[in-house]
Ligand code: M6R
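In the block that follows, a single chain appears as C-alpha cells, in the form predicted on its own.
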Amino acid sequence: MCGIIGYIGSNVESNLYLGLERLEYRGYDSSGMTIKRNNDFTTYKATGVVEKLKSTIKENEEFGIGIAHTRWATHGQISIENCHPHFSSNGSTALVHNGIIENYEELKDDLIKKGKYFYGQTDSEVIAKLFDCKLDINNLRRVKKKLVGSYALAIISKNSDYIYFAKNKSPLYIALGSECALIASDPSCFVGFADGYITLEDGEYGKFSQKEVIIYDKNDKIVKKQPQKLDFSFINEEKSGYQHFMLKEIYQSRLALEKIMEVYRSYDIKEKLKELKNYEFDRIYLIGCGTAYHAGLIGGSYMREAFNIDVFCEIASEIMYKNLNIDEKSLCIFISQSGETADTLAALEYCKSRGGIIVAVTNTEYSSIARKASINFPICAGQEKAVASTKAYFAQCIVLYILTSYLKGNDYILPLYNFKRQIDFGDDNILKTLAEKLAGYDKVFFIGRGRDYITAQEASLKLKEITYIFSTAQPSGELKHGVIALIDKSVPVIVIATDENLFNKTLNNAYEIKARGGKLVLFTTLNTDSETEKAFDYIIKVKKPEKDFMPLQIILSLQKLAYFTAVTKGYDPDKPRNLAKSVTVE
C-alpha cells in the first residue's frame, strides 16, 4: 500500500516531495524523507497527508541522495516513531519499505536478545536494524535472505553514493535520467525526469548511482535489463472547479466511455480480442476485490446471458481456499484498477499454476497483473485520484460488456454510442436533499434483485467507504429471512429497481419495510404510480437506457449520493480514513 521513492541528483528535497505527491494515492497516514549530503543525513517526518510534510522541509539545490515514503499503516499506530524512513542502530543506514514482513516478530525477538533497541512498532524497522554492518551487496543479500513476505526496499548509507534496492511481491521501478536517477513504486514518478524505466522482478536486488544500475536476479547472478519507453504522461489533474476529485471523476465516466470506444476500435485491441476468441474454454471465472469484484459480478451477469457455460465470480482473497475446477479450459479474468492488488496477484498466480487462461482487465498497462496476464485489456479510465473508485468501476463494466459482446459475435460500438447519448447523472438538488437526511442516520440498507442487487452492493460500499455510516446490501427477497428483524423507523432503506420483470416483486418487499416503519428511497429508471409514490419518502428517477447499461446508469446517481453525504458530514471523500487507492498487501 505504501509508496516509496528514491532520488539522486540536485534539488533532492523538492523532487522527492513531488514524487510523494504522485504516490499519495498509495497511503497518507504519514510521510517522511531522508537526504544524504557530505556523509550525513537530514530527515523530515510528519503524520497525516503529504502536504503536512511540506512545511517542515528546507529546500537545498545541492546534489544529494535521498529516499522518501508515504505510509499506509499495517504494523503500529500512526505516529512519528513509525513513520519512514527507518534507521539502523548505528544510524548509518536509512531505509524505506513497502510490503509486509511475515516473520518480523521472530526477527525482532532475536535482535532484542542481541541488545538492539526499537523505537517503534513497524515490521519495517526490523529490516533497518538488520543493517548495522557496512551497506554493500553482500550485506543486502544476507538481509534479504532473512525476510519472509513482501517488500520493495530503497536503502541509503552515509558511506555510499548508491541507493540499494530489493524487490519481492511489491512493485518497484528504476529510471536513469540525463542528470538524475530514481527508484519508485510507480513509473509515474519518472515523468519529467527520464524517457525510460526498468521494471524489477521478484527476487531481484542491487544498487544504482547517477550513472549505472547493477541488478542481481534471484540466483545472485548479474542481469542486464533494457529500459522500456516511458510512453505515458503524468497528468497533474486539477479539480477544474469541482470541490473534490471524486465528483469530477464521476462526471468523467462519460469521457472514459468515449476513450474506450476509441481504443476498442483500434487494430491492436481487435487483435487482442481475436486472440481471446481463439482460446478454447468451457467455464469463466471473474476475479477481483472490492469494487473490482462488483464489476466482475456485472460482467458475470452479461456472460451468463450470452453463453451456455458456467460463469463464476470470485473474491480474489478467498479463491485459494476453495477447491475450484480451474484448468486449461478455464478462462480466468482478473479485474484490478491499479493492477497491483496483492490478493488479486496471488489469485492470478494460483490460477496460472493450475493451467488457467489468464486475462487482465486493468487501468494500468505497466502493472504486475497486466504483465503477468496472457492478454491485458485496458479500461482507459485515466488517472483516478479519489480513493473510492467511480469512473474506473464504470469503465471496468464497459470493458467486460465489450468482451462479452465480441465473444458472442455482436457489435459493441453502436450500443455504446447510444448509451453515451443517454447517460444521466441524476438531479443534484434531490440527491443533496436526500444526502442531508442520510447524514443523520447510523445505518443504511440497500436492496435490489438481479443486477440491481449487484448495484446495491457497490452503492453500499461507496457509502460506507467515504461517510463511515454502517451500510449493507441485501437481495430484496432475503429480507424476510432474517434481515427484516433489523428494520424500524430509524433505518432508511434504499431500493434499487430498474428491471421491469422484477419491479413489482421488489416493490412488494419495499412495502414490507414500510409496514414496519422503515424509511424508503427508490432509485429507478421506470415509471411509478400514485401508490408507489405514496409509499416512498424519496424517488430518484433517471433516464432509461438499454437493459445492459441500467446498472451503470443508476450507479452514477448512487455514487453522487455517497459523495454528497460525505460532504454533508464534513468528511473529505477523496481521502477516506484507513483506505488507500492501491492495496499492495494481502
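A residue's number is simply how far along the shown sequence it sits, counting from 1. Model, not experiment: these values are computed from the prediction.
What comes next is about the form predicted together with the ligand, which does not appear here.
Enquirer: Let me know the one among S338, T506, Q252, T455 whose heavy atoms come within 4.5 Å of the ligand in the predicted complex, would you?
Expert: Looking at the other structure, the residue within range turns out to be S338.
Enquirer: Identify, from the list T498, S389, S476, N82, the residue with a heavy atom within 4.5 Å of the ligand in the predicted complex.
Expert: Partner contact (heavy atom, 4.5 Å) among the options: S389.
Enquirer: Considering the ligand in the predicted complex, find the one stretch among 412-420, 183-191, 481-489, 285-293 with heavy atoms no farther than 4.5 Å from it.
Expert: Result for this chain: 285-293.
Enquirer: Is it the case that E314, even though its partner is missing from this view, gets within 4.5 Å of the ligand in the predicted complex, heavy atoms only?
Expert: No, E314 stays farther than 4.5 Å from the ligand in the predicted complex.
Enquirer: Given that the ligand is not shown alongside this chain, does H86 nevertheless sit within 4.5 Å of it in the predicted complex, heavy atom to heavy atom?
Expert: Close contact is absent here: in the predicted complex, H86 is far from the ligand, nothing within 4.5 Å, heavy atoms only.
Enquirer: Does any heavy atom of Q396 come within 4.5 Å of a heavy atom of the ligand in the predicted complex?
Expert: Although the ligand is absent here, Q396 would touch it in the predicted complex, with heavy atoms inside 4.5 Å.
Enquirer: Considering only heavy atoms, tell me if A306 and the ligand come within 4.5 Å of each other in the predicted complex.
Expert: A306 lies outside the contact set for the ligand.
Enquirer: Heavy atoms within 4.5 Å of the ligand in the predicted complex is the criterion; list the residues of 550-567 that meet it.
Expert: Nothing in the stretch sits within 4.5 Å of the partner.
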